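Shown below, as structure tokens, is a lone chain in the form predicted alone; questions about how it binds or moves come after it.
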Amino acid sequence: MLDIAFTGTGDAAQIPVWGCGCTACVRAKNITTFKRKPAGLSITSPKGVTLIDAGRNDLADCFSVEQISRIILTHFHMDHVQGLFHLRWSEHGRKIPVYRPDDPIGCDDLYKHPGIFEFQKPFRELDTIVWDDFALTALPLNHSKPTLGYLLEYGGNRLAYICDTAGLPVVTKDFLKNKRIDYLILDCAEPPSSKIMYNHNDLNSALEIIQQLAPTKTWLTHISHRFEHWLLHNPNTLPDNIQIAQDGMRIQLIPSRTYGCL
């Protein structure tokens, strides 16, 4: 079994946004379960914990050095890598592999001073790597830095993690349509908009992707306070097979094309 947890479901500003008095931010200030930290996942298997992105600054409080088997980065914007900056100085003695898109710049001095982290050869478009616990394929996305989504395959289950994108490149859309994915975790940062989206999906863009890929179940993530505010004032607008992810929510994959969500 794979246990997949949302370590965060927010955008770079997180929720509550500092100094904001919107409905979503006020609710999150008063009820901590509605707070949103930077978007990311943890994937726990008998082999250890795999992190997809490391945007939280409290990762040391969540995981021990021994637990982390690998880290997979979607891209090098700060809200997806800032948790690495202090963790890299660990004196534990072991190295943790970090998988990444082909971004020669990266973020600040992480390449120059990686510390405990070993940056692996960059993924190329549609590269697949097979580990003992699951297989992973790199999916190019539309964003302002080189960015990848990932298709995770385990025991007959196919789950796509698509974060930080505006629409999908043709190569990614065609690949996922041919794969017939079961589950989708999808960027939806903004409420419905008539504007062209450049870095993140609005709800209209997200629904178009869902219609194209036709997964059994979709969780929306990378939620901004603007979208959260809109949702509070437009309840019951999403189909039953589309759910707004929350920090700490868990998805369990077992080798039979079934899932459980806690």
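Everything numeric here is computed off the predicted structure, so don't read it as measured data. All residue numbers are counted from 1 along the displayed sequence.
Below, we refer to the form predicted together with a further copy of the same chain, which is not included among the displayed structures.
Contact with a further copy of the same chain in the model of the complex, defined as a heavy atom within 4.5 Å, is made by none of L207, A214 and P255.
Residue contact check for F34: none of its heavy atoms lie within 4.5 Å of a further copy of the same chain in the model of the complex. In the model of the complex, a further copy of the same chain lies farther than 4.5 Å from every heavy atom of T128. Of the heavy atoms in S64, some are within 4.5 Å of a further copy of the same chain in the model of the complex. Interface membership of F117, defined by any non-hydrogen atom within 4.5 Å of a further copy of the same chain in the model of the complex, is confirmed. Of the residues I96, L176, L168, I72, just one reaches a further copy of the same chain in the model of the complex with a heavy atom at 4.5 Å or closer; this is I96. Put simply, of A13, M249, I244, L238 only one has a heavy atom within 4.5 Å of a further copy of the same chain in the model of the complex, and it is A13. Between 104-112, 176-184, 134-142, 153-161, the stretch whose residues reach within 4.5 angstroms of a further copy of the same chain in the model of the complex through a non-hydrogen atom is 104-112.
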